[in-house]
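Below you will find one chain, with nothing else, as structure tokens; this is the form predicted on its own, and questions on how it binds or moves follow later.
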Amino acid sequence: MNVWIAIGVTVLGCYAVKLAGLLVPAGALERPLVKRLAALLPVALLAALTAQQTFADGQTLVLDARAAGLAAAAVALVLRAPFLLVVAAAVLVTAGVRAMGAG
């Protein structure tokens, strides 16, 4: 498949999704269930992406240095650390575990 065909299909798909969103009646968007789902959906998608990038390697599940970094970030979040410190903790722990040869 040509790369430009893939790009064109992606552009058309994005435009169609945006157009579909604009065609939804305003009354449907004001329902409490829709508002609640709209607030929670980005969080769920980000959590799923994080889990997939941390624990998957192709078609297999892995437990390596990335999991240790995620655990460090979770601890930093529980301790209410600033975001940059959370990221720094995850990076340092992941790099440290990989440097020790465990990842």
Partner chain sequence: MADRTALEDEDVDIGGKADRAVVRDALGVGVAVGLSGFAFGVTSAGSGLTLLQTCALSLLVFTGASQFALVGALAAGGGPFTAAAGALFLGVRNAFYGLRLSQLLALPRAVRPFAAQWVIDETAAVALAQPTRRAARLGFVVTGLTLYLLWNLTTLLGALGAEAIGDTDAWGLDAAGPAVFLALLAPMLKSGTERAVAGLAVLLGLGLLPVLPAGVPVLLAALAAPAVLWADGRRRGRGDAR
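In this text the structure is predicted, and so the values were computed from the model without any measurement. Positions refer to the first chain, counted from 1.
The next section is about a form of this same protein that is not shown, the form predicted together with the partner chain.
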Notebook entry, point to check: Though only this chain appears here, would Met100 touch the partner chain in the predicted complex if you measure heavy atom gaps against 4.5 Å?
Noted result: no
Check: Can you check whether Val87 is within 4.5 Å of the partner chain in the predicted complex, heavy atom basis?
Finding: yes
Check: Should Val91 be counted as a contact of the partner chain in the predicted complex, where contact means heavy atoms within 4.5 Å?
Finding: yes
Item checked: Partner proximity in the predicted complex: Leu79 to the partner chain, non-hydrogen atom cutoff 4.5 Å -> no
Next item on the list: Taking the partner chain as it sits in the predicted complex, which residues of 59-90 have a non-hydrogen atom within 4.5 Å of it? Please list them.
Entry: Gln59, Thr60, Leu61, Arg66, Leu70, Ala73, Ala74, Leu77, Phe83, Leu84, Val86, Val87, Ala90
